[in-house]
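The data below hold one chain only, encoded as structure tokens and taken in the form predicted alone.
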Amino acid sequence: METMVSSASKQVTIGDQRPTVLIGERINPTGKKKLTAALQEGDLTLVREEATAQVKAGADILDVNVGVPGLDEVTLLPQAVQAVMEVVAAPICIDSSNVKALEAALQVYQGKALVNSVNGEERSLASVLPVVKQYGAAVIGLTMDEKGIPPTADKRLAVAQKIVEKAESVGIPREDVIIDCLALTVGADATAGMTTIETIRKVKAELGANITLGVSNISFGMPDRELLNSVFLAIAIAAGLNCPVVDAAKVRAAVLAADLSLGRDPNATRYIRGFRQRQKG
């Protein structure tokens, strides 16, 4: 199964037999004081700089989130999307829990966007999926519902099945639903990583869907986070993860190594090219 997203000039295809697609996470004000302050001033300079830097670091798709409390996201999100389109060709993942903001951003977007996100709550399904269908976008489905994040892989799979079925019922094809199996920190529960890996395997086996994940959540509160993130990411890719949300500059080398190890890099071309780029850097 393949999911295609695009900008006005570039198409990215996500699929099991293809190299891992990196969704750049850094255009998000959470935990970023400078970006938050800039957004509060209506200054999109840092958004443009982050977009350029992430693509240079190897991001294939850019997540754009401007969720700052008190700001008019309906106005600001399309402005940020426009700013990113002005400086890079990478497709955009439009990230908001505000449906009106999503729609405003989709109205200005040129190409086939990825929407982040819908979840298994009836309210979310009823409000987000029609907008995704209207604008011909793809969508990320979070494996959580009114009861929160299920503690077991089977229950997360059930939420994923519900999301896919609801999407198909409104005319969104299965290949346009990417499932987020959700990573929780191993600092709070040492089995959290294994639950996520099991969910990835079950979703892939039962639904065939492409899979994303906010990888860095696994290491929250732990020491040496980059090491933990990279190891977990490689395991998740082997299990079926194919478009993680990451800081590309920190994990791309590990992703290239994982793809090579899994036979997705003929003649080691991408791995060697990445090594040479790092040497020059």
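One-based numbering along the sequence shown. Quick caveat, the model's predicted, so the values are computed rather than measured.
The discussion below concerns the form predicted together with another copy of the chain, not included here.
For the candidate set A126, A89, A190, A205, a heavy atom within 4.5 Å of another copy of the chain in the predicted complex is found for exactly one residue, namely A190. Among heavy atoms of A258, some come within 4.5 Å of another copy of the chain in the predicted complex. Looking at P69, you'd find every heavy atom of it more than 4.5 angstroms from another copy of the chain in the predicted complex. Proximity of A238 to another copy of the chain in the predicted complex falls within the 4.5 Å heavy atom cutoff. In the predicted complex, none of the heavy atoms of L46 sits within 4.5 Å of a heavy atom of another copy of the chain.
Contact annotation for 248 to 281: residues with any non-hydrogen atom within 4.5 angstroms of another copy of the chain in the predicted complex are A253, A254, A257, A258, L260, S261, L262, G263, D265, P266, N267, A268, Y271, I272, F275, R278, listed in sequence order.
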